[in-house]
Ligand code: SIN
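Encoded as structure tokens, the following chain is the form predicted on its own, with no partner shown.
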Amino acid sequence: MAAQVEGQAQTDGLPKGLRFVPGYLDRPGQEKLLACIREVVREAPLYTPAMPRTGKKMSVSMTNCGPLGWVTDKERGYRYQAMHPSTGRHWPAMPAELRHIWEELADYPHPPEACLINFYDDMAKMGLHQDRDEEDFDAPVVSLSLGDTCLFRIGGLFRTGGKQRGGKTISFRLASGDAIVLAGASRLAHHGVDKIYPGTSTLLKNGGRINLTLRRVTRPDRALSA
């Protein structure tokens, strides 16, 4: 397992449980998946979400597919819901290609219920955060990059025994077709995107980066029909 830390080879120091799969999708695979995502976006347009309490707009735009979608706004905060907040329609079904990726990478016996689709333009970032709005932390988060390379950061503050403790972060580049899996001890690790490297991929005609995160939301005994 190797990562790229600001351009330098890195073979250790990644959080325990994190799996980095560089080049998971080749160019034809990326193009096929991108076509699926474009169909999703036609049915469920990208929108710009707002942060809880402050109402500050995020720098990414987003949408979802699957039985549930992750959303956020000033009034109700972070949550999952079955309908697009702008159109009021149910999220589109999750493409078979995404479910296949989950089956290959997740090492988890139940299907994903949400795929969050984030679009980053050249200036977009994502601050350090945890994916903790799900009920089942035994299920991993599977993340796939399409388009321009980003600088991904993981680590930092974490909670153990009810107390917040400090920890170092590590940054490495994620290129188009790369996958990461947050599982085990890394499942609740803080992570974010420090910057985008414009012009590093020709996959998206107008540039930018798409990040797909596949999540299991409910416990298996409360499964939703897909």
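Residue positions are given as counts along the sequence shown, with the first one as 1. No experiment lies behind these values; they were computed from the predicted model shown.
What comes next is about the form predicted together with this ligand, which does not appear here.
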property	result
Partner proximity in the predicted bound form: N118 to this ligand, non-hydrogen atom cutoff 4.5 Å	yes
is_contact(V193, this ligand) in the predicted bound form, heavy atom dist at most 4.5 Å	yes
This ligand contact in the predicted bound form: H129, any heavy atom under 4.5 Å	yes
Any non-hydrogen atom of R216 within 4.5 angstroms of this ligand in the predicted bound form	no
Contact check for N64, Y80 and A114 against this ligand in the predicted bound form, heavy atom at 4.5 Å	no
One residue of V40, L33, L174, I170 in contact with this ligand, assessed in the predicted bound form (non-hydrogen atom, 4.5 angstroms)	L174
